[in-house]
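The chain below stands alone and is given as structure tokens, in the form predicted on its own.
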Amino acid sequence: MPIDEKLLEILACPKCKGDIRLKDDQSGLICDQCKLLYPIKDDIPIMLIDEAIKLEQTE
């Protein structure tokens, strides 16, 4: 089940409060400013800074 577009509009990065975007394969939410990926598990975004995955520069 894809993330609702309205939910994406109101979600923000918990670290910088900036915009996030859905990863192409819909496996997580990306903050381009912090270079963090917040995973989506069982259709629920895990918006915890401690659970975020640092992205490489190529992402």
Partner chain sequence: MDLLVTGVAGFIGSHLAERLLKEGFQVIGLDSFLDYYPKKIKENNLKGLVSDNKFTFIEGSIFELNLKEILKRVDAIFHQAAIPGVRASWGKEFNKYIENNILGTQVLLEACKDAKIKKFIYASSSSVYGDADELPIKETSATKPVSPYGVSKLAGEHLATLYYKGYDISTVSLRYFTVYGPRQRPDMGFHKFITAILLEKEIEIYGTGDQTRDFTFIDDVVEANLQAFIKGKNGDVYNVGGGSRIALIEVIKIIEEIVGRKAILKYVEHQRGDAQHTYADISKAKRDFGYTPRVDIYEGLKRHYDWLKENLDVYR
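Numbering follows the first chain given and starts at 1. Note that this is a predicted model, so its numbers are computed, not measured.
We do not show the form predicted in complex with its partner chain, though everything after this point is about it.
Shown alone here, Arg21 lies farther than 4.5 Å from its partner chain in the model of the complex, counting heavy atoms only. At the 4.5 Å threshold, heavy atoms of Leu7 reach its partner chain in the model of the complex. For the chain shown alone, Lys35 is not a contact residue for its partner chain in the model of the complex, no non-hydrogen atom being within 4.5 angstroms.
Contact annotation for 39-55: residues with any non-hydrogen atom within 4.5 angstroms of its partner chain in the model of the complex are Ile44, Pro45, Ile46, Met47, Leu48, Ile49, Glu51, listed in sequence order.
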